[in-house]
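Take a look at this one chain, the form predicted alone, written out in structure tokens.
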Amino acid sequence: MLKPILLVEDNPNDLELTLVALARSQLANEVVVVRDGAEALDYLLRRGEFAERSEGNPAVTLLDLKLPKVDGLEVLATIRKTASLKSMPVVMLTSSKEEQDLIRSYELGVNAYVVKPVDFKEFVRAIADLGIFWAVLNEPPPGSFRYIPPN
């Protein structure tokens, strides 16, 4: 079973660029897009409009820091406090280079903190590398499914 990638992004331009970059990496994983922190938590906790979604966690959650309704740090804190979610990989994908955001993200248990490159080619390369690492190369926690590409 191929697990989806959850993309939590409110900026339409960054969303489009990230989707283009993930598509160029030729991952077969579905990309689930949510636009704010509340919607991300609804998806992850299988409530509201996502109450009927299949069980299981995404291969990785790409989480923006500055989000409407519930910010990325609050989403991350909830993920790490929830038994069924706490081992799920979370990558903070943000424009913020502020040291306090970086420190707080790691204190809350983020797996990686990536500052979005400004240059389009660098952005596409960074996102493609992230997708391949987390969806294909990373060894997931026990009980997770891992995609093994055909030879």
Partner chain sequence: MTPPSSAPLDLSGCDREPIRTPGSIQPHGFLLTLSQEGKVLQASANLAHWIGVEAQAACGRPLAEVIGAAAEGLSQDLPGDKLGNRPLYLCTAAINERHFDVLGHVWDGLVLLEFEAALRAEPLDYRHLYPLLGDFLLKVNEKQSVESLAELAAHHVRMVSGFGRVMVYQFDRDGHGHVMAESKEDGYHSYMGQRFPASDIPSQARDLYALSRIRLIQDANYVPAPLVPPQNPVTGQRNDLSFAALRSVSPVHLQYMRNMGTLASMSVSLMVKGKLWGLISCHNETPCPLPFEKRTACEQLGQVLALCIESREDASELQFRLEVRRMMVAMLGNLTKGADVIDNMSGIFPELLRFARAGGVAIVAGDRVLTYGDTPDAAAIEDLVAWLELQGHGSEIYHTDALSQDYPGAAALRRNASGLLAMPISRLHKHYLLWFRPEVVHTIEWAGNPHEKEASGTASGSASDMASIPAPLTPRTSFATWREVIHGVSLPWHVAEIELTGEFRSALLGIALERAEQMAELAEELGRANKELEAFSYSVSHDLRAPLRHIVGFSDLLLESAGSEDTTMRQRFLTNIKESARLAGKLVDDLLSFSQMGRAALRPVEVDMSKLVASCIDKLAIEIGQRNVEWDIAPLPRITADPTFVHLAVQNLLSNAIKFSGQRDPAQIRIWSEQDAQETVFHIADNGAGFNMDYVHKLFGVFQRLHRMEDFQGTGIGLANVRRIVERHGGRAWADSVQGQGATFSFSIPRKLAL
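Numbering follows the first chain given and starts at 1. Just so we're clear, the structure is a prediction, and the values are computed from it rather than from any experiment.
Although not depicted, the form predicted in complex with its partner chain is the subject of the following passage.
Tell me the stretch among 78-86, 51-59, 91-99, 104-112 that has any heavy atom within 4.5 angstroms of its partner chain in the model of the complex.
The contacting stretch is 91-99.
4.5 Å heavy atom contact, Leu65 and its partner chain in the model of the complex
Judged by the heavy-atom cut-off of 4.5 Å, Leu65 is in contact with its partner chain in the model of the complex.
Does Lys69 reach its partner chain in the model of the complex if we count a contact as any heavy atom within 4.5 Å?
Close contact exists here: in the model of the complex, Lys69 approaches its partner chain to within 4.5 Å, heavy atoms only.
Closest heavy atom of Leu17 to its partner chain in the model of the complex, within 4.5 Å or not?
Output for Leu17 is yes: heavy atoms within 4.5 Å of its partner chain.
Taking any heavy atom pair closer than or equal to 4.5 Å as contact, tell me whether Val118 reaches its partner chain in the model of the complex.
Within the cut-off, so yes.
Heavy atom within 4.5 Å of its partner chain in the model of the complex: which of Ala126, Ala38, Leu27, Val31?
It is Ala38.
Using the arrangement in the model of the complex, list in sequence order the residues of 40-62 with any heavy atom within 4.5 angstroms of its partner chain.
Read in sequence order, no residue approaches its partner chain (within 4.5 Å, in the model of the complex).
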